[in-house]
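Next up is one chain by itself, shown in structure tokens, the form predicted alone.
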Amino acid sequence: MKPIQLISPVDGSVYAERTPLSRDAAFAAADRARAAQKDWAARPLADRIALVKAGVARLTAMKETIATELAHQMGRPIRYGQGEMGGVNARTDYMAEIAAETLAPHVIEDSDKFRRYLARAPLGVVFIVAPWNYPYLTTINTLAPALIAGNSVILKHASQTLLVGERLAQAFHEAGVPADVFQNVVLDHATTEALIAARAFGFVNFTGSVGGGQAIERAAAGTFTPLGLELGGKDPGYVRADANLDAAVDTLMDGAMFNSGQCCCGIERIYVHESLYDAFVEKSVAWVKALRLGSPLDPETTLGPMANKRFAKVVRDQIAEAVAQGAKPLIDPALFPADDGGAYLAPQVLVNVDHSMRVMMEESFGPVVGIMKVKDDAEALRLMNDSPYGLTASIWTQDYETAEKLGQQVETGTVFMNRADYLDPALCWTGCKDTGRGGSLSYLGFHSVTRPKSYHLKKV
């Protein structure tokens, strides 16, 4: 079979190459996972939790190596490369903490005549198709609760982060999780779709593009396999007249530019009350100009290359089209000499934008943000909801009641007040519209990887 190559955005070289499994080998892996799952589920919950936490500890011990590998694989500056490990630990710890209560049977009656209760049963083999942008965090969101709940897991990582799956498997196997209970595999699209169509999995979790999610749904059609689909976003920020201006600029610009803008919940469009608009734009431009674009292996770099030059081309095309339609770019690319026309892309702030422009409607997934002036809450709400996506929305105001009132009217999965681009493990990570369906984290994350099972026991 044709090898899958990982092209490093650092210099365009082949950083890793793996041969995908044949169809027969892939089905054999699924069979082994299914066979191993029963014994794994029969282990005490405390044992499964201990092994999962030990796997995360082993992974954390590799954080320096991981930081360097991530820089080569997807371009994240090495100064930020260890950052995912904090979230991996926090999310795993929280899911482990709530597991016993969440997975415990809900007893309706336990008498000398009846024992009736509602339990949670593992789904069997959980298939994770993980993305490259936050490759460890997005995987652990499903991996930890799936294993804790008694499922076996097969992980297929993105071709841009091939080594991430290998590191995860290494860590968890060294910690004692059986090799067939957690398998990392390399698959092509055709074999992936064949496995799903054959009902090889009890649950499929996919994070990626809308087109990718549609392909997963087509493959699963008629199998009744439950799906979790997180398909990106075009997340808005709204700065009200009563906002803390400096805090809004710092958080929203970081949300737009961190990880070279390659965040599903990154800020991609901002609406600012007319009374603060000029000051917000001026401060935002100064914030972005302070970034340093360069090699992710340089400790001084704060903005690395995009993960692939074809991703950067999408952003360049959106910017060029918007400018041709009347948008005004406020960042001179000459300030960022590392911009090479390829994966290294200068950040951009656009004004004079509107919703006729692709840059304000289609996911950019890069270091560009458009800023629009609004006169009131009603206009801001209309614009925030004028999107095919619905992942998060960031509202900047001084009181909870206003944020809650506005949040109730925003079509989104998460409402933030005075923060952005953040996952709280106690809250469900979910979305609506083209962002997909399902949810991870919180107690509902366990519901995604288990099913209700009722017991109605009678003595005669």
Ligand code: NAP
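Because the structure is a prediction, the values reported are computed rather than measured. Quick note: we count residues from 1 along the sequence shown, nothing fancier.
The same protein has a further form, the form predicted in complex with the named molecule, not shown here; the description that follows concerns it.
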How about residue 201 - does it come within 4.5 Å of the named molecule in the predicted bound form, if we only consider non-hydrogen atoms?
no
Contact label in the predicted bound form: residue 238 to the named molecule, heavy atom within 4.5 Å:
no
Residue 157 near the named molecule in the predicted bound form, any heavy atom under 4.5 Å?
yes
So, in the predicted bound form, is residue 395 in contact with the named molecule at a 4.5 angstroms heavy atom limit?
no
Spell it out for me: taking the named molecule in the predicted bound form, does every residue among 129, 138 and 264 have a heavy atom no farther than 4.5 Å from it?
yes
Of 344, 172, 365, 280, the one that lies within 4.5 Å of the named molecule in the predicted bound form (heavy atoms)
365
73, 92, 184, 133: which sits within 4.5 Å of the named molecule in the predicted bound form by any heavy atom?
133
Stretch in contact in the predicted bound form with the named molecule, which is absent here, among 271 to 279, 224 to 232, 82 to 90, 108 to 116 (heavy atoms within 4.5 Å):
224 to 232
Heavy atom within 4.5 Å of the named molecule in the predicted bound form: which residues of 194 to 233 meet that condition, in order?
206, 207, 208, 209, 212, 215, 216, 230, 231, 232, 233
